[in-house]
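Here's a solo chain for you in structure tokens, the form predicted on its own.
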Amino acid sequence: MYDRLKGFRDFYPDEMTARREVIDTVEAAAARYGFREIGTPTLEATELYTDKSGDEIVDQLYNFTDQGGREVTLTPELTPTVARMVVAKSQALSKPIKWRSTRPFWRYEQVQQGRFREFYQTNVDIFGSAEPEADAEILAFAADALTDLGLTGEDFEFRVSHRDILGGLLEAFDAEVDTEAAIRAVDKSDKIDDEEYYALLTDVGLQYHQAERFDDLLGTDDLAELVDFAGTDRVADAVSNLEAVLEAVEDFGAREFCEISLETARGLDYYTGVVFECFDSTGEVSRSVFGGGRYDDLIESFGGQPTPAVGVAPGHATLQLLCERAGVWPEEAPATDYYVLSVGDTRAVAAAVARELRELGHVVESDVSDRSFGAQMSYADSINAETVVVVGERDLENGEVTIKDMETGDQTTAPVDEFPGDLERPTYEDWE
């Protein structure tokens, strides 16, 4: 008996039925905005990650030396991969580049609720536009995907911030601050108490009273106060950009889901502008459901031409937590349109009926195990068949098949030569 590895999951058919519905819904929303599907490799060179994040990141990776002596890694995220792909064919790609991808990733980290070592995401990115409309479209897509799943504004909220507001405020203090480390501390602020938070800020260069003032500034509702405090073009421009993005989001129909939250920082260092995270409005899902933002410098850092970029990556595990909390996670049960039940020497006719129904686009099962009538009916019930078509020897002698509605138990007969006929989805009601 072999045990499953910690942090990895099995998905049986019932679970995959719900997961597939959610994935298809999210991807359909992205497709409506013109995001084109791409495929990406499972393995990348380890240096793709260590060159940007340092050798210490290796402890979080599933990496090994392959038979050719190359250091390779199971991909822990998609952004470096798509950056590499954009650089490789930048001149041939029409701008803006709008890509989407759903696939698994791997990180060796502590397993907890909503976090696994193998996890699945749908990544949606725009490359080649620095306009506020690009950020707004990412937010609008994310809102559409969630509402398409049945969620409402009472279920989720997007907390929107801007990295240059944070960096500009830190620059305004009379102190030598490690800005990236300070922003990482901000990203942790809702998970720790004030004293621990202020300690992190003092560790990276602020004095204690400055840490308190910085915290107060991030809690303000008045963006003009931030511009006045900093007195720099960097903060003024960032505030203007954030307001422009939110104005575009209003036009795109998603403003109701967004609130300004400067404590939202996103921990990854490559973010450069507007960033956001999706949270459960009730707080029952205590962690971020997913997040995204602008990363304008990444393509250039990979050797490409300066290329602005913005994206979002809904994680499926946390999205499931939100949908379950809101009561909109799809039913975990298989869906079957028809079960064609064969009794006696009727395989040829039963197979023909099944083929015709499948050609109409229906999910159709039939007996492949030489089971009795009762066993076949039990199986049809177990797979949630909506309609059973009984093809029996006695029925065929009368030129008929029996149509049974599995929900009500009602049944009737139909001429075998007329079934399914011109009907796209023949049911008991068509022949009663």
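Residues carry their position along the shown sequence, with the first being 1. Values in this document were obtained by computation on a predicted structure and should not be read as measured data.
Another form, the form predicted in complex with another copy of the chain, is not on view; read the next lines as being about it.
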| property | result |
| --- | --- |
| Answer option from V87, V343, V239, V177, heavy atom within 4.5 Å of another copy of the chain in the predicted complex | V87 |
| Contact assignment for another copy of the chain in the predicted complex, among L170, L321, A134, L151, heavy atom within 4.5 Å | A134 |
| Another copy of the chain in the predicted complex reached by all of E77, M406 and R425, non-hydrogen atom within 4.5 Å | no |
| Proximity to another copy of the chain in the predicted complex (heavy atom, within 4.5 Å), stretch among 178-186, 329-337, 219-227, 280-288 | 329-337 |
| Contact test in the predicted complex: P96 vs another copy of the chain, heavy atoms, 4.5 Å | yes |
| Any non-hydrogen atom of E195 within 4.5 angstroms of another copy of the chain in the predicted complex | no |
| G361 within 4.5 Å of another copy of the chain in the predicted complex, heavy atoms | yes |
| Contact of S129 with another copy of the chain in the predicted complex (heavy atom, 4.5 Å) | yes |
| Stretch 1-26 - residues with a heavy atom within 4.5 Å of another copy of the chain in the predicted complex | M1, Y2, D3, R4, L5, K6, F8, R9, D10, F11, Y12, P13, M16, R20 |
